[in-house]
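One chain comes next, on its own, written out as structure tokens in the form predicted alone.
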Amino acid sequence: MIEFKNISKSFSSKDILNNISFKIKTGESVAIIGQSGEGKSVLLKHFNGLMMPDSGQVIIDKKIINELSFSDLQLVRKNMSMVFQFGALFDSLSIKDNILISLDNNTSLDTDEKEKRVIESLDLVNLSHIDHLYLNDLSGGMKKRVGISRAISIRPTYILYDEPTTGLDPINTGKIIKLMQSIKNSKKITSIIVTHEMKIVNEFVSRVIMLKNGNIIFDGSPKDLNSSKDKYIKSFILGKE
């Protein structure tokens, strides 16, 4: 389970997160939404300690990660993967080697087991037999799937998605959502996703947390979000003033 207790974060005297608290149960799928600049990605980076709060506690599986030593934090991170908005893949490496970097850093598998894990993770995202290719050989949608493949290769308990469908057309967006759904259902992974894409909210998650001015202004189901009478929420959903 994940718990945020009274988390605050500011940059240059600007409050980004203001005394935020919530819990995420094991197996939940949660979207974090809000307009640009509202702190969604900042909040996401607190889950794995890429950022630390100015005050409050981030608790992962009963461990307060902002109070851990670096070595203990690394142990927590081994159960958590992140799919970055722009992939964070290495152009100079093959697809296989991009996935092996994650396996090398997060597992103690031997060479043969790592090779099997690469094949398995690519199979799960419907990219069999492309491990020898490089990023320049792939479409945008395929690169997104490689990023997800790398994330699931370590068999994490938690996956953090930062705008996983950015730059994709509607058809490829739909494919990524179906892939995420399949992974969540088959692997029982807790999924936290930052997104502007309402299709993800309506088709993938069971819960939505909405940020505004550093505060949580909504925490509930997609159904309740869509039926909200709040003018700001309705404007966000409709994409107009």
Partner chain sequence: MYSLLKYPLKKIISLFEEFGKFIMLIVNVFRSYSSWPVYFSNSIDQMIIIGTKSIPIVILTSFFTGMVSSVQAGYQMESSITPKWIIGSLVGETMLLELAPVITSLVLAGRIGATIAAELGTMRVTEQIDALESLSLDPIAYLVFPRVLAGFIMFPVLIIIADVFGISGGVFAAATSLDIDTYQFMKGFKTWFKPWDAWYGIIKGLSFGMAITSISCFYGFYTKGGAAGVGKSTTSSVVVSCVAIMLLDYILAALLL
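These numbers come from a predicted model, not from an experiment. By rigid core we mean the largest C-alpha set that fits within 1.5 Å across both forms. Residue numbers count along the first chain shown, from 1.
Heads up, the form predicted together with the partner chain isn't pictured, but that's what we're talking about next.
- Although the partner is absent from the chain shown here, none of Phe22, Gln35 and Arg207 has a heavy atom within 4.5 Å of the partner chain in the predicted bound form.
- Interface residue remark: Lys212 is not counted as part of the site for the partner chain in the predicted bound form, having no heavy atom within 4.5 Å.
- The closest heavy atom approach of Arg77 to the partner chain in the predicted bound form falls within 4.5 Å.
- In the predicted bound form, Asn106 approaches the partner chain with a heavy atom inside 4.5 Å.
- When the partner chain is considered in the predicted bound form, Thr165 lies well away from it, no heavy atom lying within 4.5 Å.
- Partner contact region in the predicted bound form: 69-77, out of 165-173, 69-77, 109-117, 123-131, criterion any non-hydrogen atom within 4.5 Å of the partner chain.
- A heavy atom within 4.5 Å of the partner chain in the predicted bound form is found for exactly one of Met198, Leu50, Val30, Ile59: Leu50.
- A heavy atom within 4.5 Å of the partner chain in the predicted bound form is found for exactly one of Met142, Leu89, Ile148, Ile159: Leu89.
- Remark: with the core as the superposition reference, the CA shift of Asn136 between the shown form and the other one reaches 2 Å or more.
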